[in-house]
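Alright, two takes on the same chain below, each alone as structure tokens: structure 1 and structure 2.
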Structure 1
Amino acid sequence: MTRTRIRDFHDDDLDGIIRLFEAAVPESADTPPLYPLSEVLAACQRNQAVVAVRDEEIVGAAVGRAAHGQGVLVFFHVLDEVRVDPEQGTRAEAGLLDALERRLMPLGLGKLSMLIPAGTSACDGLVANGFETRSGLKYVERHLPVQRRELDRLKAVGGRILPRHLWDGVSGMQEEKDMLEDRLVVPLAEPDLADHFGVVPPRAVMLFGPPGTGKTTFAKAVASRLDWPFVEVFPSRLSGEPGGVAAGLRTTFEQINELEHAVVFIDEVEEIASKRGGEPPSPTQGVTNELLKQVAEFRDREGRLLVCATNFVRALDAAFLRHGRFDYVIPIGLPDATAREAIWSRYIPEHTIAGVDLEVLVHASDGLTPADIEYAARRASQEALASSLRQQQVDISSRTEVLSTDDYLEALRATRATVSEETAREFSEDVDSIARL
């Protein structure tokens, strides 16, 4: 199936919006739409509208406007042939709502809502994307994750709102997902439930493991799952701040503290949290001291989560990993067979996968990271495309099986493993001696 993409509404999309409206509200419908076609078209041109496009055809749209201090959805629909596809439908609905929210946030709106008949496909799509139903009329509303007053603060620290469903997009790694769900997501998303069981929501966690195992992906997925802004702090960029890295850290965390909610991520944290000591003291000792101070202060505030990641957990200062600073020290290792199968399934084209021996690829990719497997899959696809172009066999309609198991095995042979046997052995040792779950 051709990929569905999301873009802004253009004036020449009006015919497509009309066809979409007619598909959403057939003449045989018992209940007339709350907003007539004329009002939907006017809102497209005067307010905010985004469309989903496939093969240059409008297959979905979300139209909204500001009213009484909140955003109101005037029209939301995705064609049935797209919506029923498990992957395309979810992406189209979530992508439309994400794009529309980004355009409405600067208007100072606190909610996005829509009055819609219960049981319709649009209602189901809204509820699946975080909207809550209100009363028997199926009035659905959703609190926007960032209010207008916070937008400038979020931009100042380089933060952003991540797309929905990143959590579902993490292929395999179910054991790690379950652990993060239980330890992080549920206590933070449902503090009353956590309090009932005497669980204190975490404030800071450390992810460690070999390069390419998905630590950054998991941090983003947690932010998406919580529907909190994601702020990544880059140690290398802080060196350019007046006063150096330590002053940059202090200023950055002061700005983050003004946000109501945030997942703050520091990758390669060993750069600013290395072991202290020696005569004379190491140049980074002052930076490590400042970071330890900021972590302690960060923990005093609710509605925030600090996620640090490192490839070299042994290089961290001992004080950094003590109880009271990080609630959990979580290993993120190489994917097991189940996870590798899920990763391959994600990157092999849908029309090709039936002819590929996944079991062979899973066995052949043992010891590879998710990033390694993604590289091999994309390399195989690129080589197949290049071969088709050379042979002038690019008619999609007449070619269904363009990639074979051998193509992927050939790509695997050209893929260097990120994690050496020594690194994997050291990681196993670190899990036993350092991990805290």
Structure 2
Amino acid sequence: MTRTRIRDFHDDDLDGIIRLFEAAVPESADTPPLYPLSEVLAACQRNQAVVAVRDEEIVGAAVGRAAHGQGVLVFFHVLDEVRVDPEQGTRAEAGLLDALERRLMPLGLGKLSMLIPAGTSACDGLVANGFETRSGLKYVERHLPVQRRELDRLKAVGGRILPRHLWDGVSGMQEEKDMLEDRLVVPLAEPDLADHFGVVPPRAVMLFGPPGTGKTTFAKAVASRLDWPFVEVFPSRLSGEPGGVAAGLRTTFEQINELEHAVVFIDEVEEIASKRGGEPPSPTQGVTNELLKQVAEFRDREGRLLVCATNFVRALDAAFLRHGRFDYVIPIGLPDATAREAIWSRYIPEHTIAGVDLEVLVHASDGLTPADIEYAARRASQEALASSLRQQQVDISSRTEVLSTDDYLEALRATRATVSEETAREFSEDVDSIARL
């Protein structure tokens, strides 16, 4: 049998490395390799690889990567057909590691390491050659939500990655949260699990409810929860496009369709999807038709969710809401007591909150939207500051309580509820007649 010899990697060895990689990491493996083939090949081409050759065939390789004073082995393998002879195998492994070390040492590396999946014997060859096993380590990794090649596309449509914890920031509204979690988040985040139960992940949903109840907040929270980019489409901004809003919508959706994942949000959708009909046809009719077409096409692809929001769900075109376009039509109503408490707590200064009777405020703000509560809280703060200034009593060094429950109650009396009784009644009629969960 011919001896195995070790030499530096040449460009012609790429095919051999690919075959070796396939032998080391069968496609059927349960977990994907830590370093994919593309990365191994890139490291080879950066001249940090050595190969073991027998009869002109590549039978082993050690591939390293150097960064910031440390070297990492991204691939190390000797074929079983060499290792059947323990002496040959050991010699090949030792030779490869030795040669790689010589290649990397001039780069000023202090350390060389390799991550090895538990339960494999790959580590024996390394330990036999001076590597030490480190215990008590855990390997963690995270897949970044947007890959580099997607960044430009995302920028073109004004999309962005939202902060990661928006979902937890939505206070109260447990019923709505549970429903969105079950219907949207889980099937989209875990399509295999959904498939197991025969659940088809949703493609498009409509949120409806009075102004300021948290529709936009929920749409963003869902994107944040899924770790998908959030793309808001503003139909009114498309009117300047050549061909008008309809053509603008088409182009925007074409660009969005190139993204791997996205939560696409259209707020106040009634502006472009109100009931059609009338002679002569209203100018938005062409836009509504285009939107219907785009929603239908949007539904063809996985990994995306369209969220539309409206304050006037009853004004929407019937064709728009029918089955097959929107999977769910979900009401978002006024905040419950827990949500109101959380919203109050967010706007009352920290050093003041202990002296405020939150329960009284929560009760007194029943029927108000989050935005109304925010207004009342800010108004109370403004008034308190103004009156302190008038009395020349401002001393910010002692962080005492500067606002009382009464200050907030007074501000509440001056706050007009956004949602009138009539709107609230209409909303509950819509929940009965239009909602689809």
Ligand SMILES: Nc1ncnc2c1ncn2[C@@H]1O[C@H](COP(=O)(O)OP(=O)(O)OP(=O)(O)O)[C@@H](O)[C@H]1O
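Keep in mind that this is a model prediction, so the values were computed, not measured. Residue numbering: sequential along structure 1, first residue numbered 1. Rigid core: the largest C-alpha set superposing within 1.5 Å between the two forms.
Only structure 1 of the pair represents the form predicted alone. After superposing the rigid core, the Cα of Leu14 is displaced by 2 Å or more between the two structures. Core-superposed comparison between the two structures: the C-alpha position of Lys220 differs by less than 2 Å. If you fit the rigid core between the two structures, you'll see the Cα of Val263 move by less than 2 angstroms. The two forms line up on their rigid core, and Arg46 then has its Cα shifted by 21.2 Å between the two structures.
A C-alpha shift of 3.8 Å is found for Gln382 between the two structures, based on superposition of the rigid core.
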